[in-house]
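Alright, here's a single protein chain in two forms, structure 1 and structure 2, each given by itself as structure tokens.
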Structure 1
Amino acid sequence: MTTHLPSKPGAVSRLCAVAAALLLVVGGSSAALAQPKQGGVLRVAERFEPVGFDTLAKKKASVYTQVALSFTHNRLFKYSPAGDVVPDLAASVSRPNATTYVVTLRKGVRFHAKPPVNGREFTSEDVKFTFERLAGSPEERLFPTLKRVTTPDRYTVQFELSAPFSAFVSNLAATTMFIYAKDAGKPTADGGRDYTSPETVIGTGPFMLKEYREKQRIVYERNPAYFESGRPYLDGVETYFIPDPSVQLAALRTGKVDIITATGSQGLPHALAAEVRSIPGARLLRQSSFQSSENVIGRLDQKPWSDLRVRQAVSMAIDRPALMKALFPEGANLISGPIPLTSRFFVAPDKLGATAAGYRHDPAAARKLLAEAGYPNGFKTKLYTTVGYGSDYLSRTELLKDMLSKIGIDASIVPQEYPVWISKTYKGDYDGMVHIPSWTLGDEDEWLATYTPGDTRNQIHINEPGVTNLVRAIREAPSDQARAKGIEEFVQMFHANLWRVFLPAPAILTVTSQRVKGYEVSLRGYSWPAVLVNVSVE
């Protein structure tokens, strides 16, 4: 495979994340600004339940596990609703040299008053223990140069790196980096601790796990000793697992739930937005998020995906404007990738110059490219997808198959159960092409890392020294300016090579009932429950 380098970096679109986060509120914003009232229970509709309660286990943590722990646990840093990195359990951070970070912790923070932890104080030893658990877990990728964690005193943690890493503090805010109490976990045969079961869910967060009924609901109760004085306002939260969005909406209409979340890549399907508007007092929150859009991939170490002309042909076969009009009437963008459209480093297709042609719908040009690549009659391939993201996702796979057929690519859809999908295809074990879901990650570094050998999301099997070296240079950048320049170079390089073919990025829809006051949509990560400390219900 040959990597094509851009002749010179283009102008990078600078999007304001705060403005992009919330595009429309239907039903009026005055309710969201009402004076908070103590008490009451918030009822939430979620599509799926967590797969265990451990984000640092040997297997990749489910997004729904990350959501569940966002109620009960804290991180050293977190993302504000606008996407800024702000302190959580940390009080401050300093950087005495290029490879050392010193985090000063909040004092007086206590774990939940549940056995066996029994409300003891959170200290630096809990942070050290948590980072010791990183070794061998998929989240080890977040800190590639971490060498040592030491605890000079009860409220200080020192992180020593083997090389500079520009995303270090941002990655402390990742929605997998919750701080665990060692004494909450169950001992394992290898001397470690297991946090899979509900009884181990003991954190420092605003809510405590009260009840978990598989395939039914999770019940949380207010943590009276939470370190943010007076918060949360809610007495509790009940999360109900309702896979069908239509059933979720019916539950909201009848008052059985108060919020339909946007944990999934799209939130509420756009086709149901009109029904929301018919519900008295309901609010439809439409946002862009810090996530990439769905995409089509193949293996760069195998034909035909190793040929840039094939990748360009696949991209030109996709009628993005038609998809946006048919599927996303509440709004969408042409693509979101290789880093999210809400990133200041995102480049819109109309700013790409000559490489913008790769995003134009042009079946005739696509067929010509296939012929030049040695496929004058097209080719047959498998197109992997999963039932794990619901029927809407499978419908989009069918649309992709149809569009590919227009340029001679005969794609045979291979639907997989979610466990098989996650353990094989999502890890890069496939032949042919794959319909990949959107990603909600943290810092831009997480997206860049997926284009390096060994990363858990390198499903395209890219192994280009030029790309690897560029990502390393971005990570070790001595200044924000140098880092920005490197990311801009990477984005231009990606569009010149089209390693992934990105699809339209829909506006993401959250729905709240008229009972809900003070709810804000979150730009980054799967930690939307963190905003519930400011929410009240009537």
Structure 2
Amino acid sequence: MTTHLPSKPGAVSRLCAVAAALLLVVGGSSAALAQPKQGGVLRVAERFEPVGFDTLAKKKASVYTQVALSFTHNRLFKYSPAGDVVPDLAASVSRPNATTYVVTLRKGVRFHAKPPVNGREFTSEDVKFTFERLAGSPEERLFPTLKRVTTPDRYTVQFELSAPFSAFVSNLAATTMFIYAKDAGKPTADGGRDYTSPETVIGTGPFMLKEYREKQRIVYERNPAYFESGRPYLDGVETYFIPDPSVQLAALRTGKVDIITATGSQGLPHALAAEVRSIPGARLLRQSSFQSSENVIGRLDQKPWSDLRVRQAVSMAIDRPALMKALFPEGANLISGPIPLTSRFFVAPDKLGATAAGYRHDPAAARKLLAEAGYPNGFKTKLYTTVGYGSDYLSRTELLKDMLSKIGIDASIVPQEYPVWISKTYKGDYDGMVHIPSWTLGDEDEWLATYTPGDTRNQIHINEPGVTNLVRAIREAPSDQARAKGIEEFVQMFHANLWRVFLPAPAILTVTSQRVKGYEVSLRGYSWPAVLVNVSVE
């Protein structure tokens, strides 16, 4: 099943976006609408365990740490399952001027009743403390213009920026921006607080960490004082770390787990999806990838990639429907960029109008374009790839080479060891073409930044003043409307120029057993546990 998100923001397209959460019910789903049952324990199969419990440490936080804290902590804002930014610990936000945001907090929210915090009330001081911890953390990049955080009163936080930054509120919902209790961390020699160990996991979230057995499991129990009255329905959640997908599926089939998650875009492999259909009541849930894409690139400051006709020819040489059919039988999007598939600004090729031609599979037209560009017999080039992403990735490079050969591009594959890849090719040091993936947290701003000079992910060496200015204007947009207009302009500009040739993006698969009721896939961030407040088990 192929799905595309709508091209324009608005009420109708928001509804479409919700529909594009791609819930496909394999087993019976009507029971999901039944009255949720209180009690019961949900058992989850997760690939890997968290590495410490601090998302604001000096080391980049593992996505599994982000998932673990989504059970126990809240952010000021969060993503709704449909991908919208909605209040979490914040009650409201205002923007009195272009560089100031004032966030009013929920009142009466309490931290978990565990020492040393002992269920005290959450206040603006905890928010201030959390933002003070940002200094020196990799997450500092989320707020590049943040100048000062002040607390006019217990329930108000004021953020002052040195320059406008339109992704500010969206980044408050990033799944690293959990609010830490200022007294929960272990004091360190330098006067700071350390939140690495499980004893320090004291948040305001729907579940409390009860037990952590390294390499084995995490057990969470219901937070009886959670601020959403009556939630969560579950008494607890047990997360088991099972790296192998076949073992995960065997555990689900035999009733040992209830959910196989899709953390880190590593949901159930498509090849195993058929087996889910043989499990009575099991549901296969599809979602678009919010954080990764694969594309073919070259250097825009060098021939032949500098010629639009060559880029169009490469794109038209790629038989995307065939790739999708062969590799992703459970569905895929035709292209995966230039902004997240789950963004409301993403435009599917069938909505592109004239520029859609670039995504049509048309080898004859591609050969003609090459001839017009001065390559009537095609050309020889290198196609860099890496063994670091596994054998499936290399297979896709080989398929690309085969497709390029049909329009006369003789691409010799250069497989690189991952250290060489990451230190050279991934930094843009290459000649010829590259089969490359991209990862980001999901906000449009992060994707757009890669099209500006100086960004470490500008592997295509783009240096177009028009694009740079547009990205800057989007970043500094004075209003949501201005930002939306800018992003739409960028997307149109991108498709007309095809600076990168995006490949199909597979649907990410989550599986739930028949016990699970009310589970929705989350389109953004590593915070799927946030939806568990609405989940019950039979």
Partner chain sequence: MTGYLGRRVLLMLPTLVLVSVMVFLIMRLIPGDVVSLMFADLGYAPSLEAMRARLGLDRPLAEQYVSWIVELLRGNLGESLWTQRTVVSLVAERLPVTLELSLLAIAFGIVYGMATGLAAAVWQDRWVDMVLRGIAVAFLSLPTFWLGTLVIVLPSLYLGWSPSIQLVSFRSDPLGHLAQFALPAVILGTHLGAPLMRMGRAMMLEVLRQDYIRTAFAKGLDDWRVVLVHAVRNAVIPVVTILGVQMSQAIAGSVVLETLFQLPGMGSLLVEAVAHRDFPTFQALVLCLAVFVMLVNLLVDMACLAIDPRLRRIAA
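Please read these numbers as outputs of a predicted model, since none were measured by experiment. Think of the rigid core as the biggest set of C-alphas that the two forms share within 1.5 Å after superposition. Residue numbering: structure 1 sequence, from 1.
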Open item on the list: Between the pair I just shared, point out the form predicted on its own.
Closed with: 1
Open item on the list: Taking the rigid core as the reference frame, tell me whether Lys60 has a CA displacement of 2 angstroms or more between the two structures.
Closed with: no
Task: Shift of Glu488 between the two structures at or above 2 Å (CA, core fit) - done: yes
Open item on the list: I want to check Arg75: does it shift between the two structures by 2 Å or more at the Cα, with the core superposed?
Closed with: no
- [ ] Mind pulling the C-alpha shift for Lys351 between the two structures, with the rigid core superposed, in Å?
- [x] 8.0
TODO: Look at the Cα of Leu448 between the two structures with the rigid core superposed and state its shift in Å.
DONE: 2.9
